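In the form predicted alone, a lone chain appears below as structure tokens.
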Amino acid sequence: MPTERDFQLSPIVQESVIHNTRTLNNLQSLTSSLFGVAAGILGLESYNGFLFYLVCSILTTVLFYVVRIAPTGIPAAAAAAASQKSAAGGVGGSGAFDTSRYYRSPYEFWTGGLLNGLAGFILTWTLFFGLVRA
């Protein structure tokens, strides 16, 4: 059981990070199935279908970032950058796309869902493509 001192040293709670990861994975799985339905109904084939999935998945992640993370992350990143600059003599700072307060790594947030939802996308894509073309 973490103590109060542990939370002061590292204020990120692992249970919250795990919950955030599960929430993002659920969102990406659901939307990848919906993207498969859309690709099947549109009749996309081959590379066009996979490109559609890639663009829509990246768009979903960017929208999730803009709606849920950026409103709380950018002011905190600016404050952290200001404090780091003053402590380091004007050098330092964190990026605008920093997700480390909510997720384990930026890679997990930005590209983690691409492979997780691919199977659901292909399944619903082929199902609805077959239903529309039949």
Partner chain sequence: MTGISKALTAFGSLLLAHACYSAHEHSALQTLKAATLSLTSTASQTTATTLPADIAIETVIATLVVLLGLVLSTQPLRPIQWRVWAGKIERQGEEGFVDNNGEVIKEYIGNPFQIFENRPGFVDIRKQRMEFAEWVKSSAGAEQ
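Given the structure is predicted, the values throughout are model-derived calculations rather than measurements. Residue numbers count along the first chain shown, from 1.
Just so it is clear, the following notes concern the form predicted together with its partner chain, a form of the same protein that is not shown.
Check: Is there a heavy atom of S16 lying 4.5 Å or less from a heavy atom of its partner chain in the predicted complex?
Finding: Contact check for S16: yes, within 4.5 Å of its partner chain in the predicted complex.
Note to self: Under a 4.5 Å heavy atom criterion, is S100 part of the interface with its partner chain in the predicted complex?
What the structure shows: Flag for S100 set to yes.
Margin query: Is it the case that L51, even though its partner is missing from this view, gets within 4.5 Å of its partner chain in the predicted complex, heavy atoms only?
Written below: Residue-level check for L51: no, no contact with its partner chain.
Margin query: Test of understanding: in the predicted complex, would T23 fall inside 4.5 Å of its partner chain by heavy atoms?
Written below: Yes, T23 is a contact residue.
Item checked: Residues within stretch 25 to 53 having a non-hydrogen atom within 4.5 Å of its partner chain in the predicted complex -> Residues within 4.5 Å: L27, L30, T31, L34, F35, V37, A38, I41, L42.
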